[in-house]
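Taking the form predicted on its own, here's one chain by itself in structure tokens.
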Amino acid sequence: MKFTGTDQYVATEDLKVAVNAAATLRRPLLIKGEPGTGKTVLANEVAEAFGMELIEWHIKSTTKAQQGLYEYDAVSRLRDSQLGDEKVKDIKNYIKKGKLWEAFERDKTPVLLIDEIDKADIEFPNDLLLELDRMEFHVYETGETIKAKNRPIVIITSNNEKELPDAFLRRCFFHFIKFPEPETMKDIIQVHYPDIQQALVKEALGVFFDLREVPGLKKKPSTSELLDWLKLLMAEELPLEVLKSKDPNKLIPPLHGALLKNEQDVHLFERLAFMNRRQNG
């Protein structure tokens, strides 16, 4: 099996190579890139392309590695014992399986997504080293060892919010998703909006890439935000002249709330417009 992208996902050649290399090696594929470049969606598309089940583990700042294996609810067991509940005799009733356990017990190879691993504590990746390497872990409460029936394809995403440990990186196949070039972006837009007017795409992409190049921008708009913006432009049926306008008083794009996501960036454009008015006044 080779990953070649899907009808709904435009994959560059280097991304295809990375996915297939990780699948061949059965090493975790660590994907980094700007937010909104399709890192999380990639796992969905790989699962669809390979005809595999997708198991998703979305990481939060409070997530612990142990939760991916299992959690033992000692409090519920104590409460049930006080109530005389018969199920306390079997400790398995109080063990909740984590996402790794779910992936390990599947009869067919699944795709396991560990999403935004850099949100967790710095020790989180190290705490999963052995489990991801050996594809097994021990359940101390029952004395059993859980081994993967089929080694899952593991895709791990990171937004680069913090550095990951070297020992963890050594066990991964790494790929950085570059921000799409204009031609690739056209292909992505065509997949999502096959009936869109090419004149609109041309003008919108010009505004979009110019906006990303503005010095001092706190958050550059992403691919997903461009797609939202295009959807709004089509819904509002704005004339192309609005996008073509070089009026210094209209530096902020129409419906800019889809592209600019904080007040600092909006204020930046307002200041630029004010400066242009003074220079041209």
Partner chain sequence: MFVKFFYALKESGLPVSIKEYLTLMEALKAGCSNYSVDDFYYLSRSVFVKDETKLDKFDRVFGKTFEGIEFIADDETAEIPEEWLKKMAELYLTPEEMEEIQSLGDWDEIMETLKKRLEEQEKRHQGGNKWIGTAGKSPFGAYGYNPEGVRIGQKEGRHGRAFKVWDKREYKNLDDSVELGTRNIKVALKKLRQFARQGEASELDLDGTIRSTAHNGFLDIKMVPERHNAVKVLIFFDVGGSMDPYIKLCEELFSAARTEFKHLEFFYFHNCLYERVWKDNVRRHNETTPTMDVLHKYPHDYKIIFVGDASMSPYEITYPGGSVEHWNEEAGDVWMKRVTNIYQKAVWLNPVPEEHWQYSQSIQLLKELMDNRMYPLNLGGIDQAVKALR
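Positions refer to the first chain, counted from 1. The shown structure was predicted, so the numbers you read here are calculated from the model rather than taken from an experiment.
The following text describes the form predicted in complex with its partner chain, which does not appear among the structures shown.
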In the predicted bound form, does each residue in the set 64, 78 and 175 place a non-hydrogen atom within 4.5 angstroms of its partner chain?
-> yes
Answer with one of 58, 32, 212, 231: the residue that has a non-hydrogen atom within 4.5 Å of its partner chain in the predicted bound form.
-> 32
Using heavy atoms only and a 4.5 Å cut-off, determine which of 133, 141, 187, 85 is in contact with its partner chain in the predicted bound form.
-> 133
One stretch from 153-161, 106-114, 93-101, 194-202 that, in the predicted bound form, holds residues within 4.5 Å of its partner chain by heavy atom | 153-161
Is there a heavy atom of residue 170 no more than 4.5 Å from a heavy atom of its partner chain in the predicted bound form?
-> yes
Distance check, residue 263 to its partner chain in the predicted bound form, heavy atom within 4.5 Å | no
Do residue 258 and its partner chain come within 4.5 Å of each other in the predicted bound form, heavy atoms counted?
-> no
Would you check, heavy atoms only and a 4.5 Å threshold, whether residue 21 touches its partner chain in the predicted bound form?
-> yes
Relative to its partner chain in the predicted bound form, which residues of 120-153 have a heavy atom no more than 4.5 Å away?
-> 121, 122, 123, 126, 133
